[in-house]
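Next up: just one chain, as structure tokens, the form predicted on its own.
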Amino acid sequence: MQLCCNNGIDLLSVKKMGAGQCTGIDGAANFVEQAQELAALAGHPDMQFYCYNVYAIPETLTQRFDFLIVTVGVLNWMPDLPGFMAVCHRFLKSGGKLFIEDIHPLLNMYDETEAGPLLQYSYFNRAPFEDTSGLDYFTGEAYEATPNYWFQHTLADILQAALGQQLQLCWFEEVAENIGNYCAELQHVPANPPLGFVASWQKHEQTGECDD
């Protein structure tokens, strides 16, 4: 399963690498429709895509998945991070793994300006950010969007939210390279901050060590 799968392009790549049944969930009906079209065009009409609020996904999908992936740009949209991790835990079978790749929370301290990334915000800011900047994924055209809100979660918030669900941390790596095109110029500065992270957790019914 991929939570907040957008138009399914990442999940389609996983499918083409040999994954079995693949299920994507997103809160935007137009993305789900596009994901279904792309999967059919790629010769994988068996892929399943659903439109649900991530906090209100039906119980029928509980404990059905061996792997759950969350890719760049998801966590900051979650107002309730522990609740999000509880959803991830609920979908996994015993022994299943959660993989997350996302921009590093440190980057949320920066604002993109014409002069380049500028340190602007506290790492520990808890007030929601209002955003009206829209970007067309295909044309690159910027536009004024309906106000939406995102939230700063520290690295500790992310780790503790998963550990609070008894998900065992198996792998964690901070990434120096640009993975999300936000403040990408920082990849090349002498004082290069971490730009992303990759983490893996495993679900166990009882406490135990992570599998290799």
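Here the structure is a predicted model, which means the values were calculated and not measured. The first residue of the sequence shown is number 1, and the count goes up from there.
The same protein also has a form predicted in complex with a small molecule, omitted here; what follows describes it.
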Original post:
Looking at 95, 128, 83, 73, which is the one with a non-hydrogen atom within 4.5 Å of the small molecule in the predicted complex?
Top reply: 73
Original post:
From the list 28, 163, 145, 42, which entry has a heavy atom within 4.5 Å of the small molecule in the predicted complex?
Top reply: 28
Original post:
Heavy atoms within 4.5 Å of the small molecule in the predicted complex: which of the stretches 154-162, 168-176, 49-57, 183-191 has them?
Top reply: 49-57
Subject >> Non-hydrogen atom contact residue 78 with the small molecule in the predicted complex at 4.5 angstroms >> reply: yes
**OP:** Indicate whether the small molecule has at least one heavy atom within 4.5 Å of a heavy atom of residue 1 in the predicted complex.
**Re:** no
